[in-house]
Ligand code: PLP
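Only one chain is given next, in structure tokens, and it is the form predicted on its own.
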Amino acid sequence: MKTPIYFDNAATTPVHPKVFEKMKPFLEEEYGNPSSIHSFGRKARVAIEEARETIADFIGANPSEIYFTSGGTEANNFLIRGIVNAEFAESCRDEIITSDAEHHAVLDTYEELDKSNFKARLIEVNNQTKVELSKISNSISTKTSFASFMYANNETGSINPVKEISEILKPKNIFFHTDAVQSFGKIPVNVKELGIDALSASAHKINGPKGIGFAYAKSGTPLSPLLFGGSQERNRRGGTENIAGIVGLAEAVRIRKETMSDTFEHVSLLRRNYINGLKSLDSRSITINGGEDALPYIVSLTLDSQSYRNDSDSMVMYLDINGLAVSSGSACTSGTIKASHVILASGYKPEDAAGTLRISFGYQNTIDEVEQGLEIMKRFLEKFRK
């Protein structure tokens, strides 16, 4: 049997060999607690601060604006809750806005805030899962304090006009956060050029380790802690730092800084070939989601329920058995039988949304794998066609 093909890189990526080598010493001999003042602790502290500088430089931030977290979900919670609560204490503004196609780490956080002192408003996205600037403008009031709109959608790859959104929000003194988990390290992200106040990112989407991410908060942004019981991360994120993870994240960033442009071109080629191959298999009953300018790392496709027996779980299982690992949407919602909220938000009927698959590429994927994957897709389409 041929080696299975992994086309689920938007869910997670394999750790880069160089990242693993950088992490090893901090899992073996360099095991000091960075809060300790002896030599073991000082070595750990130096490693963390060097990593902080590397990441800050990569996004155009200051090192003091970077806070390490356990991943994107914590970073989203930390920034959203931290800024919203701190700003409410100062101004009493209680309205917060986001889109209905965000990751659940954002949507569920908004839902919890809506149960307390805040009024959460969801803006509908268009059929490409992008938020429209006019809808943002129309949703703002004098009570609006905070907005969160993702940079690149984790299911469709659609890219929001983050800089233009910032230009709408900034004159209103509305704090702006972007969930950049899927865009960080894949396309240029400069926080000063974008004009954002906060950003979330995660290592395991760019060939770093799981369990580590970071939050960027612009200097002067009000931010209350999410976790208590420790003075780490300048009293804003308690808990002993994950040194090996932090070092791994920084190494993944260094690699991306050197290879981001070449990798973008590589996955763009894979995406074009894959989409062209799909069209040759069925040019009428398969829709590609996310728009023409979607992130090339992701291909989101939806099958017409009039032509196919749509059942995303069965579809993913069939492909897996036949050697192709893909997703039915966000990995964080896998195992659920209801259709993706993102795909539904773009206007699909539930029976069509149930036929949505997400194929996502990484630097390690090849043209040969695309061709093999299309052969598997050919059999898959024949199997599920009505």
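Remember, it's a predicted structure, so these values are computed and weren't measured experimentally. Sequential numbering from 1, following the sequence displayed.
There is also a form predicted in complex with the ligand; it is not shown, and the following applies to it.
Between the ligand and the residues 154, 148, 129, 300, the one pair within 4.5 Å by heavy atoms in the predicted complex involves 154. Distance criterion of 4.5 Å from any heavy atom to the ligand in the predicted complex singles out 204 from the list 204, 271, 237, 256. Contact annotation: residue 182 falls within 4.5 Å of the ligand in the predicted complex, judged by heavy atom distances. The closest non-hydrogen atom of residue 71 lies within 4.5 Å of the ligand in the predicted complex.
The shortest heavy atom separation between residue 76 and the ligand in the predicted complex is within 4.5 Å. Residues with any non-hydrogen atom within 4.5 angstroms of the ligand in the predicted complex fall in just one of 256-264, 204-212, 274-282, 109-117: 204-212.
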